[in-house]
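A single chain comes next, written as structure tokens; it is the form predicted on its own.
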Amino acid sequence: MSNPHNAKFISFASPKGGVGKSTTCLAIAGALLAAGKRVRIIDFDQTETINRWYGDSDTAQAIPNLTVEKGPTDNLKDYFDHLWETATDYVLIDLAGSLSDVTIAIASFATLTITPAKVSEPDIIEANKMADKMHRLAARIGKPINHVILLNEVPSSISNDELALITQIDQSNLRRFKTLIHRRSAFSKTFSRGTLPHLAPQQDPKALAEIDAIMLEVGSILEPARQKAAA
């Protein structure tokens, strides 16, 4: 069943910290807001990175059509039942860096789950663990899932070892976005200045082009998922 308002839920999940979950979440939020969408971010991460970013910045709080809240620690079923019935446009969920049952359940609830990862073996190993847990749960409950790896903080010059790792990913069962997100100051400025790449006074065209390319890939995933849910 589709939710009453056709809201789309995107979660950002990885068992490993420091992979860029919050940065990716905010970059995508900025692209959606720039496109005139309403965005609600729910921060379940124990570090509360996005919740603190929003609460400590007048600039962030002044962004139209954006709301940020801390996810609850109990009564999750009631919370998500209410969210399912009332949410509009886009709900972005920044999850805790863990493989807990709660994290996996919320990630599997989402229309799309994105696992950011650097081009490094430890990050990919953890991304694979996330994918395995989600697919196992999906098999038990009979719900298809969309889980995609996003390679980010990619250096401007990719080594042969990094190229080999990307090839290994493509030959595995892991699904990844074809677009790579490179290491750019536009992303770090999100936290120091309280703005978002698409809404910043001085924009980085290369950063925006990468985010826009990701959004095209996201759209191609979400639309078939919406059609299946409606059916």
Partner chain sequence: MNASKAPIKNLKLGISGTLDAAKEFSDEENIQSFTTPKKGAALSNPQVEETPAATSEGDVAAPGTNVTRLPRPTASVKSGKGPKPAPTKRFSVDLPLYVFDQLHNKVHATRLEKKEIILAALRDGGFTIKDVDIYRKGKANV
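Bear in mind that the values here come from a model prediction, so they are computed numbers and not experimental data. Residue numbers count along the first chain shown, from 1.
Only in words, not in the display: the form predicted in complex with the partner chain, which the text now covers.
Q: Looking in the model of the complex, any heavy atom of residue 46 within 4.5 Å of the partner chain?
A: Output for residue 46 is yes: heavy atoms within 4.5 Å of the partner chain.
Q: Is residue 72 near the partner chain? Define near as a heavy atom within 4.5 Å, in the model of the complex.
A: Yes, residue 72 lies within 4.5 Å of the partner chain in the model of the complex.
Q: State yes or no: in the model of the complex, is some non-hydrogen atom of residue 120 no more than 4.5 angstroms from a non-hydrogen atom of the partner chain?
A: No - in the model of the complex, heavy atoms of residue 120 and the partner chain never come within 4.5 Å of each other.
Q: Counting only non-hydrogen atoms and a 4.5 angstroms cut-off, does residue 147 reach the partner chain in the model of the complex?
A: The answer is no: residue 147 has no heavy atom within 4.5 Å of the partner chain.
Q: Given the stretches 173-181, 158-166, 190-198, 38-46, which is the single one in contact with the partner chain in the model of the complex, using a heavy atom cutoff of 4.5 Å?
A: Stretch 38-46 is the one.
Q: Decide if the three candidate residues 5, 7 and 52 all line the partner chain in the model of the complex, where lining means a heavy atom within 4.5 Å.
A: No, none of the three is in contact.
Q: Please pick, from 104, 93, 124, 87, the one residue with any non-hydrogen atom lying within 4.5 angstroms of the partner chain in the model of the complex.
A: None of the other options qualify; the answer is 104.
Q: Can you name the residues of 117-143 that have a heavy atom within 4.5 Å of the partner chain in the model of the complex?
A: Counting only heavy atoms within 4.5 Å of the partner chain in the model of the complex, the contacting residues of 117-143 are 125, 129, 133, 136, 137, 140, 141.
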